[in-house]
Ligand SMILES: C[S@@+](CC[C@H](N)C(=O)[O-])C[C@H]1O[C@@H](n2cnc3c(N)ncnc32)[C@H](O)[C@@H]1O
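First, one chain by itself: the form predicted on its own, in structure tokens.
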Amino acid sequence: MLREIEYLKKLAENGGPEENQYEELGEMYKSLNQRRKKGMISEEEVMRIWQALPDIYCTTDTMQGYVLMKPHGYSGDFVVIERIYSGWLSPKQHLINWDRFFHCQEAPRAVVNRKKYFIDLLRSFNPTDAKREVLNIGCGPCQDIVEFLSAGDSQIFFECVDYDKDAIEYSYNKIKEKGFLNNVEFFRENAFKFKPSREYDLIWSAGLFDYLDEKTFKMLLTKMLNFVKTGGKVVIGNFSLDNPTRDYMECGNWFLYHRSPDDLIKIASECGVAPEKISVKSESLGVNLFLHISR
């Protein structure tokens, strides 16, 4: 482990990784994670590497440090997602290059694409139709909704559910500041316990299902299917098996259930959805998949 620590310290001494060093740094993370997966090194040993560079990895002043610290109890919290959306850089000059490396990875780029994917879905509704109703499960920072409503479309009413009270408070205040409270209602609820009072034209979940095993995925999907209007749809985001950033993420203790299109089709089929009602799409990088189920 000393080799990796010395390598990272050398990068830090020179102001963090430059673009021409990204591939080499990525290979280091890949090697670490593959050795961890094979049992050649432990989670504790990997963590000791990060602890050897506390200014970079044991701080919320960098993207990777924030993910490792998990101040809200989980890696992909609303602050991380908001920072990814905005391309946030550390306020400390000597740490900025570490954040630039983070944002250049395929996974955060796919998260930005995922936001656009949701906005495009919303825009696909005919603006001359009657008011539409959308349920957003695991809503996070709601930047996608803000951007959509800021374009002037007020024909959609959103119900936003998140278990993280800080995410709800943050998003509520953002929506209130923008003057969109007539279009959005928030629920601080466990998605499994949330009891919808209506049916929806669209049920969307960007990233929650990445954290669910197959059994739990099916439980929540089955519940959601009961609250979709005829002619409506459920769209669920899930990271693909083709995620080049996976080793970097898992070295940083950010674990997801990655799935293939066939995995998602199988899950939907086993929830009783007819094959012709199922499709799987992706954002432009192919890193984030989207399970579409029509009703």
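Note that residue numbering follows the sequence shown and begins at 1. Please read these numbers as outputs of a predicted model, since none were measured by experiment.
A second form of this protein, the form predicted in complex with the ligand, is not displayed here; the remarks below concern that form.
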{"property": "Exercise: L208 in contact with the ligand in the model of the complex, heavy atom 4.5 Å", "result": "yes"}
{"property": "The ligand contact in the model of the complex: A110, any heavy atom under 4.5 Å", "result": "no"}
{"property": "Proximity of D99 to the ligand in the model of the complex, heavy atoms at 4.5 Å", "result": "no"}
{"property": "Y85: touches the ligand in the model of the complex, heavy atom cutoff 4.5 angstroms", "result": "yes"}
{"property": "Among the candidates A167, L202, V184, M224, the residue which, in the model of the complex, approaches the ligand to within 4.5 Å (heavy atoms)", "result": "A167"}
{"property": "Heavy atom within 4.5 Å of the ligand in the model of the complex - residue from F180, Y117, Y163, F125", "result": "Y163"}
{"property": "Option from 151-159, 75-83, 88-96, 102-110 whose residues, in the model of the complex, bring a heavy atom within 4.5 Å of the ligand", "result": "75-83"}
{"property": "Partner contacts for 189-206, taking the ligand in the model of the complex and a 4.5 Å heavy atom cut-off", "result": "E189, N190, A191, F192, A206"}
